[in-house]
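Form predicted on its own, single chain, as structure tokens, below.
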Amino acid sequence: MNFSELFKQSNQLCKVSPDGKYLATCVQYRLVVRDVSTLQILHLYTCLDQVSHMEWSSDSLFILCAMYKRGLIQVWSLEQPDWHCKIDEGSIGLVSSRWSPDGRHILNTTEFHLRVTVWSLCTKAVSYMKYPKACQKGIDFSKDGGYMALAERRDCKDYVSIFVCEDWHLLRNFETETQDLSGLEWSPNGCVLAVWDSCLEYKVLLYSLDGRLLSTYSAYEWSLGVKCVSWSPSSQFLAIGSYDEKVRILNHITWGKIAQFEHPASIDNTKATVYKEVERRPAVPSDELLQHNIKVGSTLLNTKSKYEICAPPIQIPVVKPDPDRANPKIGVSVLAFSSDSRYLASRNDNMATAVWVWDMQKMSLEAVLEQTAAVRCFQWDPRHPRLALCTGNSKLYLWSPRGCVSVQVPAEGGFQVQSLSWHCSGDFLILLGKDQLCLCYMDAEQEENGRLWRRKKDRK
């Protein structure tokens, strides 16, 4: 693996363009666009205030910068650096902004969710959508960019409106069988819309494009319910994570449950591989530090770590949630499918140091990664079944079916990886710290030879 030098960034605002050619970062009120291959600065834009949100258009020609405190949007062009657009929502305020799939319209949600405003960059036309609901995920576009689903709340009832993105005309509007709709998400093939209720009621509803209710799923009653929902890229599976620390898998034919994955504190499964991170701090005498003028923040003093494969039974550390506090840290809050739909990764909030990897062909537990610190972020390689994760320290962790590896980020000054994201090619990772970032390049030769990986067969 190779690592780039450190670059500045603010508020974790760093995104690769959809075509994979450019890297945009925000530093306070400045927008910096670099060439991904050389990391040379191509464009430097100055915004009117500190940027709260930044997003590329789908064709990688425009960049949206939102300044929520001022209710402002600025749009910059890569083809015409002198051209720019400013949208001011005025006294009605702004809480979110995003591109439409065509990259020529911007959707702004006003304060108190009074309306969604659709601005056209081509015709300067403005459209309004009333009654948007303030919820976990109230807007979603189909993968082909043809349709938009909008959650609405009016007359104390939940509704979903489906719009055609080409001209924003209303295709369907229907009432949902929810008490308090919490989110909605299209299947990757765009045929089914999943809608789920708030955590107070376990209910997942599946609707067709024309608003027909295809199926309703409820695992139990009178207890905290759905916490997260995730479609597989193949649209064959719908994974539901809930507060009872279980993941339920629905199939796309009958929409019935075909598997249930549990997160026990004690792992007795002999077929699953448990990787445990073990740390070791290098012993360097103080007189040697003075002799070689080694500073305290030097990478030479970083704690080394490696994975050890543990034989069952294994005890996973469990944190007991506080019953007196809202939003208890318990249950499955994060689910992610690999790009080939073969694996599913999950995290149970009261076992924050562990990531669970499930084999969707065998419908069984494949591996567990037990870290020394709580897992902050994990993401699958968009091309290969390879999982990257970070825990807020100076290391990067990778899992593949061949094994696990812990890699020290060789950056001076105590760079700690808070979050990460893959490039669309899967050739490198973007590692984000508190106010810096660096790129981690995968070495194809080492990857093929398997030199980096702690393999399953190395059990002895």
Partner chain sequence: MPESSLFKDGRRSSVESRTPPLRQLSQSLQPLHRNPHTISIFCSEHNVQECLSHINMEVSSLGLPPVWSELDGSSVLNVVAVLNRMYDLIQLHHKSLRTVENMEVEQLKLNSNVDFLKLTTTRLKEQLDVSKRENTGLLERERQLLLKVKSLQNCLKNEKEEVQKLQNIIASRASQYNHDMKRKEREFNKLKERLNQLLADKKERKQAIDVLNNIGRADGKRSLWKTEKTEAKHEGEMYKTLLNDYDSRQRELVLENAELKKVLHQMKKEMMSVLRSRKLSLRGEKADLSGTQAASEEDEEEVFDSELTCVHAREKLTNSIRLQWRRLKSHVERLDSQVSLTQMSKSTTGDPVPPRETCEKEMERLKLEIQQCKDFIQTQQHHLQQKLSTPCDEDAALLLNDSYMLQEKERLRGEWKNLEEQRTIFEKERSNFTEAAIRLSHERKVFEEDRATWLKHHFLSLSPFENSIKPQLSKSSSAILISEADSSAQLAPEKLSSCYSNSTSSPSAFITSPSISNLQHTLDLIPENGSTKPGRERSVLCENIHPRDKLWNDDKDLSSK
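Positions refer to the first chain, counted from 1. Being a predicted model, the structure only gives us computed values, none of them experimental.
Keep in mind that the form predicted together with its partner chain is not shown, yet the notes after this line are about it.
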Notebook entry, point to check: Out of the stretches listed (345-353, 272-280, 360-368, 322-330), which one is close to its partner chain in the model of the complex, meaning heavy atoms within 4.5 Å?
Noted result: 322-330
Checklist line | Interface residue in the model of the complex among Arg98, Lys304, Arg172, Lys143, criterion: non-hydrogen atom within 4.5 angstroms of its partner chain | finding: Arg172
Next item on the list: Could you spot which one of Asp197, Asp244, Glu152, Glu89 gets a heavy atom to within 4.5 Å of its partner chain in the model of the complex?
Entry: Glu89
Next item on the list: Classify Arg104 as contacting or not contacting its partner chain in the model of the complex by the rule of any non-hydrogen atom within 4.5 angstroms, answering yes or no.
Entry: yes
Next item on the list: Mark Gly93 yes when one of its heavy atoms lies within 4.5 Å of a heavy atom of its partner chain in the model of the complex, and no otherwise.
Entry: yes
Note to self: Whether Glu185 contacts its partner chain in the model of the complex should be assessed with a 4.5 Å heavy atom distance threshold; does it?
What the structure shows: no
Note to self: Taking any heavy atom pair closer than or equal to 4.5 Å as contact, tell me whether Asn189 reaches its partner chain in the model of the complex.
What the structure shows: yes
Checklist line | Sequence-ordered residues of 196-231 touching its partner chain in the model of the complex, heavy atom within 4.5 Å | finding: Cys199, Leu200, Ser208, Leu209, Asp210, Arg212, Leu214, Trp222, Ser223, Leu224
